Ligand code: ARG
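Next comes just one chain, in structure tokens: the form predicted on its own.
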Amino acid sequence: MAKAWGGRFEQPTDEAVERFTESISFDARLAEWDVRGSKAHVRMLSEVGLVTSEEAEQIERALDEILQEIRAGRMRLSPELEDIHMHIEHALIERLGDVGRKLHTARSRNDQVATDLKLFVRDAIDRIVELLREVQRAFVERAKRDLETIVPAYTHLQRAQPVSAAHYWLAYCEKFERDRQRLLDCRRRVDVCPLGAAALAGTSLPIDRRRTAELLGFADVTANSLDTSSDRDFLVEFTFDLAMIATHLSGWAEEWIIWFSTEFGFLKLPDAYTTGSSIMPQKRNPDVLELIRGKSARVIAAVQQLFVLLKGLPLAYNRDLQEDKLAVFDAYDTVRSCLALAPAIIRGAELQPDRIAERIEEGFLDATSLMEYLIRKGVPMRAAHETVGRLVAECERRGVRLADLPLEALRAVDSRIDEDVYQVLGSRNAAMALRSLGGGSPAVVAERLAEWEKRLAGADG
């Protein structure tokens, strides 16, 4: 089969080299975007007079037919044609002859591939942004149900202070909102059209790059053809954003795996998202969450793969860049599949309030509340900290909670303690006292929850 670049060569390409250099096995998925880019390119060529309007119409019709064949699985994919771009061009030439050969006028595979990738990433960002919104909606729905449930919050996986369970759910909304904003920011840098940079130096032909960008919905065109041919920054940035999402998903999965354990028993996962054991009939395993946690490694590794791929490349295009798609596609597919599953797990899980309440007073979750009580009484912070530490030690000797200590025992440590101290002791009282902006009391969380409901119902939701 003749190569598009074969005119300079006297010997055919070795079959082993064809197998080694092909990318059709993974870049065939770019067909939709390749056809979209080619249709815009040929329309621009007709407007500047490099092809006739009739030729442009023939090419566009043929491209639509070829895309339908690809969608239907009727196109034979061959390593000899290397990639999806050459498959489509070959099919076009088979249909239209010399008219089909005109499509590649003023275009290289270098700027063509870069355009396809930017179109793909732009659409991928839009998809991930909406999936993130659905995860946020699921957490907000949970937050409304669980607002009054008080749970321990942890540092170092040790009980620290009590908060509304909804505070946990909205914490993940905040994380995924940062992820969403990063993607939208990345999209601005993706939204710049490479077509017209050609191989690396532009072209002497009278093309209209801004018209091509307009037809493809790009906000601008790239400004330097050498940079355009070599640039894969947008892929690294996009994949990094995916890795942050995967990291947040992994942290959520880890926490719920722990909460689902018999040792914690805070959470019951829906049967549809757990599995059993082949040997232990009593088991119910959080396999989906474990796989979300595990798959994050692949996404994080994809960022490093791209960095290593790019770190030593001279300007402009190098064939190494063919390998960029493997990392990006896998990272995108992995995050998309995890995000697609997450909302149903979030909505379907059930807190176990009785189990939580049984142990909510363990761990002196109200110790900080007592310290702040003393601060309000005029005790310096460090002195108040030491005082409460001594009271906790006394509770441990007696085997009681802070709220169980009689007033005389409390006053024996600091005479400024009064009967009103019992209004801040106990986990629920301590949680209710957390009134600072962004704090974990049900009242403060309810205000933030209302903001989230409004945001998710808005135009950007």
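All residue numbers refer to positions in the sequence shown, first residue = 1. From a predicted model like this one, the values you see are computed outputs, not experimental measurements.
Below: the form predicted in complex with ligand ARG, not depicted.
In plain terms, the part of the chain that comes close to ligand ARG in the predicted complex, with a heavy atom within 4.5 Å, is 80-88 out of 293-301, 80-88, 175-183, 237-245.
Contact annotation: of the candidates 209, 137, 187, 325, the single residue with a non-hydrogen atom within 4.5 angstroms of ligand ARG in the predicted complex is 325. Site annotation in the predicted complex: the residue of 102, 133, 109, 142 reaching within 4.5 Å of ligand ARG with a heavy atom is 109. Of the heavy atoms in residue 441, none are within 4.5 Å of ligand ARG in the predicted complex.
Using a 4.5 angstroms limit between non-hydrogen atoms, residue 27 touches ligand ARG in the predicted complex. In the predicted complex, no heavy atom of residue 76 sits within 4.5 Å of ligand ARG. Ligand ARG in the predicted complex comes within 4.5 Å of a heavy atom belonging to residue 317.
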